[in-house]
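Next up: a single chain in structure tokens, the form predicted alone.
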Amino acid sequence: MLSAALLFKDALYGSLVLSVVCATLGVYVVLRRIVFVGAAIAELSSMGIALALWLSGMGWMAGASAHPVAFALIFALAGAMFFGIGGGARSGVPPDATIGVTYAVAAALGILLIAKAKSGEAHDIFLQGNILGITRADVYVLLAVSVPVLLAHLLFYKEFLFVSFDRETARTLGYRVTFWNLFLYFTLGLVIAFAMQFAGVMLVFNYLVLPAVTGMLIARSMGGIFITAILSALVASFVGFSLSVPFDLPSGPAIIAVSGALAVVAWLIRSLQRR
């Protein structure tokens, strides 16, 4: 299994980087109950990729397909900032409805755009991604994005924690709640935009949800939840990736299957502890 993984070692390294940073942010996504915000931002990012491919195919913007990350980044960050300021709430539209509309429209437009693009396949871009295609240069790009985000979350751990779970106390202590909330959403949009280039919607959504759920089931403290989430994401990435190569399976779904198995094991452990 190890030798199979080493055949695509750069892709494995990339998936491990994605698993760490997405699992870290996923704890906030799950505990703040904004799971579908992550899904909506991922769809906006994928729509940006589709738009880049469509514009390039139409000849309106030469080289757009070579740099879809710029388009993905614009749409992902715009969506993150929109949700971060509570977009739609002032107009009386429920937040979950706003998220649902954004998700549905972004997904539909993305598929329509990719259907008319000269290159790319909707199945690969919107579902599986192309994680086996990660190169050494791509790993460096992922590290350049992930390391600053992880450092920011480490340095401002207390601020992010307060504004996420006890806003009134944060305001009382003088924290700029709106600023830190937007900063959190900004890091989420940034990571999703780059992760979408290599992992696709399904795998990104998995990294944001399942490891955090596993951490919540096993750990009893916030620090423990983060550590467990990261470890479970790393294990799922390595095992799923390693199994996918020799058995000729899609790497993304294989990783998701292992993540699901780990979550089930965590649930069983939690159930036994309660008894």
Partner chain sequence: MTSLISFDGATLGYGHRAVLTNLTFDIPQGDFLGLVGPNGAGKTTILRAILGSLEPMAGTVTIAPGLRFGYVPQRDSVDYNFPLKVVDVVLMGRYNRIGLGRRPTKEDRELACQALEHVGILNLADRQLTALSGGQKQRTLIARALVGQPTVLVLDEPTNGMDLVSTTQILGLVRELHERDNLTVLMVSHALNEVANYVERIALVVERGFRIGTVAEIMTEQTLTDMYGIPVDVDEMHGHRIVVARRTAPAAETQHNA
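Positions refer to the first chain, counted from 1. As the structure is a prediction and not an experimental result, all values here were calculated from the model.
In what follows, reference is made to the form predicted together with its partner chain, a form of this protein that is not presented.
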Check your understanding: Of 228-236, 245-253, 215-223, 47-55, which is the one stretch near its partner chain in the predicted complex, taking non-hydrogen atoms within 4.5 angstroms as near?
Key -> 215-223
Review point. Just one of 177, 144, 155, 108 has a heavy atom within 4.5 angstroms of its partner chain in the predicted complex, so which one?
Key: 155
Exercise for review: Although its partner chain is absent from this view, report whether residue 161 comes within 4.5 Å of it in the predicted complex, heavy atoms only.
Suggested key: yes
Check your understanding: Given that the partner is absent here, does residue 35 sit within 4.5 Å of its partner chain in the predicted complex, heavy atoms only?
Key -> no
Practice item. Evaluate residue 136 for contact with its partner chain in the predicted complex, applying a 4.5 angstroms cut-off between non-hydrogen atoms, and reply yes or no. Key: no
Exercise for review: Determine whether any heavy atom of residue 209 comes within 4.5 Å of a heavy atom of its partner chain in the predicted complex, and answer yes or no.
Suggested key: no
Review point. If you check in the predicted complex, do 10, 16 and 149 all have a non-hydrogen atom within 4.5 Å of its partner chain?
Key: no
**Study point:** Interface residues of 165-182 toward its partner chain, as seen in the predicted complex [heavy atoms, 4.5 Å]
**Key:** 165, 166, 168, 169, 171, 172, 173, 175, 180
